[in-house]
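Given as structure tokens, the chain that follows is alone and in the form predicted on its own.
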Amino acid sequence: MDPLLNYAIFFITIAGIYAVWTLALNVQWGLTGLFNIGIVAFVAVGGYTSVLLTIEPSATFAGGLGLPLPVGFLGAMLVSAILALLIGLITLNLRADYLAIATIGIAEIVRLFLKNEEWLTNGVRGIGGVPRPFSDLGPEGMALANMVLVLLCVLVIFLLVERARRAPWGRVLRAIRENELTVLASGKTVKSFRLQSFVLGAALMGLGGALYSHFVGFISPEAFVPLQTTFLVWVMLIAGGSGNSKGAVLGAFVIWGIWSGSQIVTGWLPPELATQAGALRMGLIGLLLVLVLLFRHEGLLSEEDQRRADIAREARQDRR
């Protein structure tokens, strides 16, 4: 396969996985206003769950049930959702800033658990030989099929999130985000709706973690770094447009393109500065976030744009 085409497939696949995570965060923050800074915890739990369910048994760690990949994906969503449910029952009564602090702490607990509980995760050595979807198609066919699988997941999640956003359930979530006291006064159980949103978003993050682990074929605690997961996903959502599903997907592809391009730029640095490349790339993304907040705080595709499109579509339906 042409190297440029091969890289394009890799780029689209990774950007698509980030789009899954960004859509999940859009459910929690964009629709409901839940300030989750522990995204990497749900991603890692989903990834490890799917790997342990689908990989062949091993003498070095527990698990290894050898189940089909779809079972692994469903298991990743289920375990991430259960973790979110347990966390949400304790923390969702907290204000946004305290919820953010709580989720940071939980993400660190999960990271240390994955790193130290070698009987389950093989510790820092990680787990190799992770089953990869479509491996019988050969390297080129597998890469292409993986890309299609990820894009299909993005499309299905996008359609489901959009359907939920337009439904009464989604309108309640947005009302909670805008004015929680008003929703309480109308008789709605705010905590229940916040919990549903938190659990749904976490389940989707777990699915994204499973897609990533099986695409890479290896999993270790070092693969789930907060700066490259939680921070990038937040930048993608804010840059693309919080509350707008199209903006969430667009932000994932644009920011991943800039992140990937910055690797080329930092490759031109003199050898004595090469060790600073990672920090420079993160600084570039941080600067981009500041510029977005200063000059286009609503993102590339704002929620207001989506609201106008909804009104226009409903008007067309009324005329028919």
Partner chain sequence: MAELLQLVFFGLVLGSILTLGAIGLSLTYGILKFAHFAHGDFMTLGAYFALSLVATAQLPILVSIPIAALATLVVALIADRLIYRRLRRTRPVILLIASVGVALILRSAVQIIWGPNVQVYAQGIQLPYVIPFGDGAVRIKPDHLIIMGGALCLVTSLHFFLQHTRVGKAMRAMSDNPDLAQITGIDTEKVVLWTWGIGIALAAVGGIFAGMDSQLHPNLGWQLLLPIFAAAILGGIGRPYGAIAGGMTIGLAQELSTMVIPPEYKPAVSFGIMVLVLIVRPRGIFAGSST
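Numbering follows the first chain given and starts at 1. Computed from a prediction, not measured in an experiment: that's the story for all the values here. Between two forms, the rigid core is the largest collection of C-alphas that superpose within 1.5 Å.
The same protein also has a form predicted together with its partner chain, omitted here; what follows describes it.
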Just one of 47 to 55, 32 to 40, 249 to 257, 64 to 72 has residues with a heavy atom within 4.5 Å of its partner chain in the predicted bound form, so point it out.
32 to 40
Would all three of L78, I82 and L151 be in contact with its partner chain in the predicted bound form, where contact means some heavy atom lies within 4.5 Å?
no
One residue of A145, V183, I104, V130 in contact with its partner chain, assessed in the predicted bound form (non-hydrogen atom, 4.5 angstroms)
I104
Considering its partner chain in the predicted bound form, which of L120, I109, V225, L137 comes within 4.5 Å of it through any heavy atom?
I109
Taking its partner chain as it sits in the predicted bound form, is T189 near enough to touch it, meaning that at least one heavy atom pair lies within 4.5 angstroms?
no
May I ask you to check whether T60 falls inside a 4.5 Å heavy atom distance of its partner chain in the predicted bound form?
no
Give a yes or no for L94: in the predicted bound form, does one of its heavy atoms lie within 4.5 Å of a heavy atom belonging to its partner chain?
yes
Within a 4.5 Å heavy atom cut-off, is F193 in contact with its partner chain in the predicted bound form?
no
Using a 4.5 Å heavy atom cutoff, which residues in 256 to 286 contact its partner chain in the predicted bound form? It's fine if the answer is none.
T275, Q276, A279, L280, M282, G283, I285, G286
Post core alignment: L273 C-alpha displaced by 2 Å or more between the shown form and the other one
yes
